[in-house]
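One chain follows as structure tokens, the form predicted on its own.
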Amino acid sequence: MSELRLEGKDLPVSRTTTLGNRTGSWKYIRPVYHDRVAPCNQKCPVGIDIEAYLNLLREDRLEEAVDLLLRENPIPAITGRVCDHPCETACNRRELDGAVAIHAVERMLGDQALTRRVAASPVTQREQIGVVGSGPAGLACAYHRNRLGYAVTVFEAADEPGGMLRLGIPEFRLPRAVLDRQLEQLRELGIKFVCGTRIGKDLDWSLLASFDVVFIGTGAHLARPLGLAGEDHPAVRQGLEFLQEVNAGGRPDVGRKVIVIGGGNTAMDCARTARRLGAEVTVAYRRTREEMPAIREEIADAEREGITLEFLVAPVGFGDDSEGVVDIVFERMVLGEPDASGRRAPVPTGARFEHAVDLVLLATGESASLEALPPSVQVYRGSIAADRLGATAEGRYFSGGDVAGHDRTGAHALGAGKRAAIGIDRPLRAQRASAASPEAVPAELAALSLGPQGNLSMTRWRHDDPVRRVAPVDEVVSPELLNLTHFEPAERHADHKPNGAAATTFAEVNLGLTRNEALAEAKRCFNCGVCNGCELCLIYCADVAIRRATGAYRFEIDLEYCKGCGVCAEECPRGAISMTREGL
């Protein structure tokens, strides 16, 4: 011992290394590295490991990020453009300076994937898979079945595949070149498309007997009538029918004034399409802006293009005016108690007024066509009755998407198609499994889930996750588990959009981000719940008990020296370390 004088006092100082003092015996709790679930992952209806591909981009591993995205999503260039991206509403970065623009990063990766030439997937399984409907649910089921080694044939009633992606989404939101290239890549994988064939009408279901399993993803295309007097007026049209005509190349005369009834994405698409055809457009919705189900950005774009929104009004009838003009009788509403949707229900006030317009477009929702289903497939409350993996009571048929009653977004349909692909594979894999086979059939779907409410991971089903080899956990990272003091504010990159109030062409209006902007946006990600090697735990450990390692985790803890102070867990920026009691 030597003596150190400080303020007149003699203090003993040890000249030996701290490694001579094994402080690990002091602790009753110890730190543990483990993955938690990023909230964006759990919120993604498709079931994409968003945090993981953003982390790959942070490490400048662009092609690996594309590969990881494609493992879960067959059409990322499309979803990057039209998804309502609930992942962003869950993003923890909102607590600092704004959510990561995940949709724009996904779009960049999807566009990168479009430039690839795709090799056909080898057919390794004997079973033949039929898919009826080529919308998002059908495409997802076909894609994942193909990548699992099955021969897949997709039947589509329209002359070209794509379902509502082609028929219902305007080109200014989803350019046809992007849709066509995504479908071309699916063909390159070996998926066969048979178009212009309506199963149940043009072709009887019995003629699909050669397929071992059939997935039904026919969507919801039947307009719901309002049941109002005068609704059969020629100037009152169904919005979806109008969109289909325009998307097929038609340019109908919409007159000078158009009113769109509804508040969802179809209503926004109808309004913006009619605006491009030269009309003055008003959207009438029976609730308020806060209750509108349309994508927030689409509402803002509609207003930017000069479309008027009128809230708390509902049509109660239509009258015939001179020279084809139609009078709409509206009643003003107030919001009452929440209804089954969780939104406050509109209540009539008795106050009425009229509008005279050239065209009324009804965009109040669609229902599924269930008349031409196989006799053995059961229907419940207007949808095909199927379990979470899409299986019907008749085990040969699976279903997913709008026709099975799932949330009516493209992302939810993609997730349903993937779940059905796993559901189809599960019994087939079990039949093939034997003592000599290495194939494993997970007993619990929780092992595949990205969080307790998250969708399923195909990489976990295939046992080929390229990012991590750790057991999944259910805990989703909340902002309280993060240490935001270690992050610098960085402004979110906004999508590039043309200036001007009025839209005049059908050219794409959201140009997304440049590649460099998207890469910079990816680096705003906190990587919630997953160690990304920032080394702060190593730096802050006073006992030098943490060292670099290889394998699933980038660091390891020497428990002979760790005294359980918890500084590493407290300082971890992303909640990848937790403290647990000794012996647990």
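All of these numbers come straight from a predicted model, not from anything done at the bench. Each residue number is its position in the shown sequence, starting from 1.
FYI, the form predicted together with a small molecule isn't displayed, but the following is about it.
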* Specify the contacting stretch among 164 to 172, 178 to 186, 340 to 348, 504 to 512, defined as having any heavy atom within 4.5 Å of the small molecule in the model of the complex. => 164 to 172
* Structure fact -> If we test each of His493, His221, Arg276, Arg287 for a heavy atom within 4.5 Å of the small molecule in the model of the complex, the one that passes is His221
* **Among the candidates Ala158, Leu445, Leu114, Leu226, the residue which, in the model of the complex, approaches the small molecule to within 4.5 Å (heavy atoms)** => Ala158
* Is Gly415 a contact residue for the small molecule in the model of the complex, using a 4.5 Å heavy atom cut-off? -> no
* Using heavy atoms and a 4.5 Å limit, would one call Ala385 a contact residue for the small molecule in the model of the complex? -> no
* Find out whether any non-hydrogen atom of Thr197 is located within 4.5 angstroms of the small molecule in the model of the complex, and reply yes or no. => yes
* **Partner proximity in the model of the complex: Ala137 to the small molecule, non-hydrogen atom cutoff 4.5 Å** => yes
